[in-house]
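A single chain, nothing else alongside it, follows as structure tokens in the form predicted alone.
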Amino acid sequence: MSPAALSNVTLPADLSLDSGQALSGVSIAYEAYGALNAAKDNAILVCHALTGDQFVASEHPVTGKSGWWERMVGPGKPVDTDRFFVICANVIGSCMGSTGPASEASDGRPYAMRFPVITIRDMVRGLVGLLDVLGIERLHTAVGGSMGGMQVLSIAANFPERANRVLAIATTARHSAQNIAFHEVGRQAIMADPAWHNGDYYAAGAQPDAGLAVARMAAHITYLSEEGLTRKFGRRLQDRPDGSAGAKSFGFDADFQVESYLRYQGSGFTRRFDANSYLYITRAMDYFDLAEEHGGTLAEAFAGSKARFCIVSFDTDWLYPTSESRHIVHALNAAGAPVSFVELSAPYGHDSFLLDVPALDRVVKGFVG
């Protein structure tokens, strides 16, 4: 599917950050599909996950792969671009056109580690700035999975007048110690790579690809379920490069198919993502705690919201398990917000929101309306 618009806007005002710093001349890269109606009330904002981008329903310019949610967004699909104007923007801190560590600072050099540490709320401030530029005062729906779900919850909590409906999938209202621990392993892998050069590697001709690949491998394990991994790989051995059947090498090659799969995931990731962006975005996710932002009580975060909510979890997601979604639902109930909740059964773990789960299609279509 071709986007109606592939654009990059510069926000007219400085972007104030939770750290107390501010960014000037912030660029937001986005894609839009469908047409905005005269009343400007048919806009749907789709928020992407940690390693996602604005290419939600069109070919990725680096990998050539289909959009990451193409099965969900398009003509006649659950998020129907024949009816809705669908926007997906690259978050600040990322590396697909929006301002991030690889962007040029005022001195003409990449920010690198001079880029300020950001939060999910800062990302949302950037998205709201984009909506202002587009003249969209209130969204029909804000929808996102994983980190995208954090963003839509943050919109509801911090900009309650900006969305009529909020659909949060496979997400959480705060990062747990386990979540933070997994991210720290990835960050340390990147920073231990000799090519990282304290983040100032852009002119060095070598990226910290080894460290970034390990970070991706570690994170990817958390996106899958044990059932899914067993079903797909089990303990099956990898065929040898000479074409012979799988056999133990009695060395440290990728003997098992699952090892080969993870190495493929890691090496492919380095071709489309910036290592410093990975550091900054994972830190933003680790800092995320909606209750902390609103006096320590999650219900208070939603006290001013007039939106309708739908919260979706998956039974095999151990990264953001159903208990995390129930925590959000209980807070919404306490705040008196209208909310529906469903736990879906799928074998794919956290990544279920990206994969072929027909029950999710029905939920999304029914809620978006």
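Numbers follow the displayed sequence, beginning with 1. Computed from a prediction, not measured in an experiment: that's the story for all the values here.
The form predicted together with a further copy of the same chain exists for this protein as well; it is not shown, and the discussion that follows is about that form.
The partner is absent here; in the predicted bound form, the one residue of Ala102, Val185, Ala299, Val133 having a heavy atom within 4.5 Å of a further copy of the same chain is Val185. This chain lacks the partner; the member of Met72, Ala210, Met147, Met96 within 4.5 angstroms of a further copy of the same chain in the predicted bound form by a non-hydrogen atom is Ala210. The closest heavy atom approach of Lys248 to a further copy of the same chain in the predicted bound form falls within 4.5 Å. Heavy atoms of Val258 reach within 4.5 Å of a further copy of the same chain in the predicted bound form, making it an interface residue.
Among residues of the shown chain, Gly76 is not one whose heavy atoms approach a further copy of the same chain to within 4.5 Å in the predicted bound form.
Using a 4.5 angstroms threshold between heavy atoms, Ala181 counts as touching a further copy of the same chain in the predicted bound form.
Comparing 170-178, 265-273, 136-144, 156-164 against a further copy of the same chain in the predicted bound form, the single stretch with non-hydrogen atoms within 4.5 angstroms of it is 170-178. Looking at 185-202, the residues that come within 4.5 Å of a further copy of the same chain in the predicted bound form, counting any heavy atom, are Val185, Arg187, Gln188, Ala189, Met191, Ala192, Pro194.
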